[in-house]
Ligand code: AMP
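Coming up is one lone chain in structure tokens, specifically the form predicted on its own.
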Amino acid sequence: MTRPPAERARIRDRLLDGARFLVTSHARPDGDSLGSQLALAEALTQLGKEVRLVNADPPPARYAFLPGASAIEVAGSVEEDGADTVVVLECGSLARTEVSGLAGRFVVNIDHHAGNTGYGAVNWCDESACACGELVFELVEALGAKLTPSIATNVYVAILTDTGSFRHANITARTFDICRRIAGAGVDAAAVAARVFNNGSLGRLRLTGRVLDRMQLEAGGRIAVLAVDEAMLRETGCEADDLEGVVNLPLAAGDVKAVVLLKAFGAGLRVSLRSKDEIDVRRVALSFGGGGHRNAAGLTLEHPAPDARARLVAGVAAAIAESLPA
């Protein structure tokens, strides 16, 4: 889907006319989902609206400093609460929220992922946006809300994290124009980046070292395969959230073109895929029922087959071969 201006205008009008809103995003939230949620919530509050923030999972510790993060309720379901509109951010499908009780309500769907199912009463999906935060920034502007330092901080974290610290290929002139305006609103970009990336625990450092030490190379060294399970988390005193960003590290090696991170929890397997340049790992994720972006995608296998690893590696290898023929 593209971004029809009429759909953005419909969302703006719905938000201006409404009084009570429930704003949510995907389970296991990241910087983009949280930053987008919190920025929009503050803009609506500025306009005198009542806003309820609900997520299936709590914010990771590294994002606890985000303005407004403490207001997020953690719940797997919501009852009818009088909200006239549910705003769902950065979710390709309603199920991605892992919050029940949303179906059948007036849903506004704002996303930037290819393959969005268009599940909302109003759908605004712009695949050219580097982050959902870009779309929220435009919406905040359209609503006539003031760009406060706290809104700007949340949008900046959304963009910073979803672009891989401005390394992914989905960055455009719009991205830098928004960041210019964010800096003008008083955000210290370096200080915010330090809060996100330089404030981890020693346990996270140990976990990172262990994961990298066990890294395996496939396809002639072009694919790095990382693996982690619950035992590794216990041994290092970490949570699953401490894995954020680890998947990107092998891409620092010039020969590594893609990364497969396998996270075994319970009977299931969560898989993160990353790549460089034109290598499309989203297509690999889609073939397993997942989704995402060209250079950053993921999927979940509830009961993975014994050959799941081999099939994933083969799929990524094929994507590399299409982009970088031998």
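Nothing here was measured: the structure is a model prediction, and the numbers come from that model. We number the residues from 1 along the sequence you see.
One more form of this protein, predicted together with the ligand, exists but is not displayed; see below.
**Q** Answer yes if any heavy atom of residue 299 is within 4.5 Å of a heavy atom of the ligand in the predicted bound form; otherwise answer no.
**A** Residue-level check for residue 299: yes, a contact with the ligand.
**Q** Any of the heavy atoms of residue 96 lying within 4.5 Å of the ligand in the predicted bound form?
**A** Yes, residue 96 is a contact residue.
**Q** Even though the ligand is not shown here, does residue 67 get within 4.5 Å of it in the predicted bound form, heavy atoms only?
**A** Result no; residue 67 lies far from the ligand in the predicted bound form.
**Q** Classify residue 293 as contacting or not contacting the ligand in the predicted bound form by the rule of any non-hydrogen atom within 4.5 angstroms, answering yes or no.
**A** Contact with the ligand, yes.
**Q** Just one of 204, 168, 113, 222 has a heavy atom within 4.5 angstroms of the ligand in the predicted bound form, so which one?
**A** Going through each option in turn, the one that passes is 113.
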